[in-house]
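Next up: a single chain in structure tokens, the form predicted alone.
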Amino acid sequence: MKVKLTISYDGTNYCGWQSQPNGNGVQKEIEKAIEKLTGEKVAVTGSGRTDAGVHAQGQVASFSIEKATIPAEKYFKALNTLLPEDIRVIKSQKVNEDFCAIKSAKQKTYEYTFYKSQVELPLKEKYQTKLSENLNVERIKECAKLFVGEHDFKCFCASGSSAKTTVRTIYEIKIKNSKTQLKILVSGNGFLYKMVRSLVGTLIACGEEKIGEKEIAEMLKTGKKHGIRTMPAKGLCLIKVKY
């Protein structure tokens, strides 16, 4: 039986979705919980890797189980009794055997959240990044349009990536602005290592009027970095994966 899980987690205490030699990943915790529940060792496939410290509201994962003694739709409740409190399965369902959380994914949406304040606010610091500057939000919106479409994003990929190609398609970038908060939502067919955090950092530089549309166009064309800043992981959350 193939089971699809929709997962929410606080990434603060994890080295990302995938376990590393020097750190524990969310994937490992879920695999351990499934083994405790079923007695079977399984490999859980996620829709993609989230970086260390990045959160998820709608990560998707799948696994195959030989002994289907538990209905797929009941896995989420059973697993939640065995998982750490910062990881929760919010839905489980049976899917076709050819379903793969990573290969079947069509679109992913990430959200980066800033709060506006002159001082750090302890109740926001864990999941948001502070902004104190007066940003030109209209300029951010204009610059964001240049990222939409298919481009080679190699200069927005951090070293250490194992991607075979750096070409990706951005479907949409939404900017939500209020007096106390700024949110940047990025939807695409896939993302490179630290790509979203680099895109967001570049857009903030646009809002600070440190760079503009000309520099972004040049980066996309030549692959040469120009004022790219990678934002902290804590403000980033995987919102949704579409299939």
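For every residue, the number given is its place in the sequence shown, counted from 1. Since this is a predicted model, take the numbers as computed values, not measurements.
Beyond the structure shown, there is the form predicted in complex with another copy of the chain, which is absent from this document and is the topic of what follows.
Asker: With a cut-off of 4.5 Å between heavy atoms, is residue 143 one of the residues that contacts another copy of the chain in the predicted complex?
Answerer: No, residue 143 sits far enough from another copy of the chain in the predicted complex that none of its heavy atoms falls within 4.5 Å.
Asker: Can you tell me if residue 56 lies within 4.5 angstroms of another copy of the chain in the predicted complex, counting non-hydrogen atoms only?
Answerer: Judged by the heavy-atom cut-off of 4.5 Å, residue 56 is in contact with another copy of the chain in the predicted complex.
Asker: May I ask you to state whether residue 147 is within 4.5 Å of another copy of the chain in the predicted complex, using heavy atom distances?
Answerer: Contact check for residue 147: no, nothing within 4.5 Å of another copy of the chain in the predicted complex.
Asker: Taking any heavy atom pair closer than or equal to 4.5 Å as contact, tell me whether residue 237 reaches another copy of the chain in the predicted complex.
Answerer: Close contact exists here: in the predicted complex, residue 237 approaches another copy of the chain to within 4.5 Å, heavy atoms only.
Asker: Pick from 97, 138, 133, 120: which has a non-hydrogen atom within 4.5 Å of another copy of the chain in the predicted complex?
Answerer: Filtering the options by heavy-atom distance leaves 120.
Asker: Counting any non-hydrogen atom inside 4.5 Å, which residue from 167, 90, 158, 72 sits next to another copy of the chain in the predicted complex?
Answerer: Contact residue from the list: 90.
Asker: Heavy atoms within 4.5 Å of another copy of the chain in the predicted complex: which of the stretches 81-89, 99-107, 168-176, 147-155 has them?
Answerer: Result for this chain: 81-89.
Asker: Hey, which residues along 1-34 are within 4.5 angstroms of another copy of the chain in the predicted complex, non-hydrogen atoms only?
Answerer: In sequence order, 8, 9, 10 come within 4.5 Å of the partner.
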